[in-house]
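In structure tokens, one chain follows: the form predicted alone.
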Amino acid sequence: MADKREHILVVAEELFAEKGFDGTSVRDIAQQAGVNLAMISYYFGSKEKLLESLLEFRAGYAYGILEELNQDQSLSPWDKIDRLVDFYVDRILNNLRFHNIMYQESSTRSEEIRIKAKDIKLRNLEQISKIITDGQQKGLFRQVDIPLTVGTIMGTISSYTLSKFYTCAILALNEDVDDELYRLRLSPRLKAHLKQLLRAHLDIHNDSLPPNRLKGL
């Protein structure tokens, strides 16, 4: 039964990405998934609730990875930052449809969807904050605004993955390039830039402002 529910979510994701949330009906999802309308109603109740479940389905995996990363005592804080960058770049580039859906719908949908998206982001922020705080406690990272640091990571990735037309111009690719080549060209550049940026931003040796002044920002 769980496999059938997951299958419906994957099909809905494909249709939402192709036709938009408003352009996709529950009947479309049922026909594409090979199930009846009653089954979708049984699992989700409504199309809005299905979208909520899709957000949670995709985001739950990310949270688990971040939690495991935090608990891995064999990795240094710098190793964890590098792994964090690799994970988010790969995760978003390999799931562009979901990323685009979440970006578009989380700000325009119902209050329930907005709350769900906010809760997911805050939950993941908590795990990332632990990584940065651990580096600070070990004398490796300077005091920074953690939510804005995370926003810098996600904003940089999103600015390129949400505008393929622009990104292809930057990468000297045709706009109709296949997704695989697009990822292969963009991924290493994004990872290298973010890791270099975070090294400069977090390294305690690059601290140019007194801690008290930072706290007042």
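All residue numbers are counted from 1 along the displayed sequence. So that the term is clear: the rigid core is the largest set of C-alpha atoms that superpose within 1.5 Å between two forms. Worth saying up front: this structure is predicted, and the values here are computed from it rather than measured.
Although it is not shown, the form predicted in complex with the DNA is what the next lines describe.
In terms of contact with the DNA in the predicted bound form, the residue from 46, 187, 152, 159 that brings a heavy atom within 4.5 Å is 46.
Only one of 171, 177, 39, 65 lies close to the DNA in the predicted bound form, with a heavy atom inside 4.5 Å, and it is 39. In summary, the region of this chain contacting the DNA in the predicted bound form, judged by heavy atoms within 4.5 Å and restricted to 159 to 167, 56 to 64, 144 to 152, 26 to 34, corresponds to 26 to 34. A residue is said to contact a partner when one of its heavy atoms sits within 4.5 Å of a partner heavy atom; residue 4 meets this definition for the DNA in the predicted bound form. Taking the rigid core as fixed, one finds a CA shift for residue 44 of 2 Å or more between the shown form and the other one. Core-superposed comparison between the shown form and the other one: the C-alpha position of residue 19 differs by no less than 2 Å. In the predicted bound form, the CA atoms of residue 43 and residue 64 sit farther apart than in the displayed form, by at least 3 angstroms.
Pairwise change in the predicted bound form: residue 19 and residue 156 C-alpha atoms lie closer than in the shown form, at least 3 Å.
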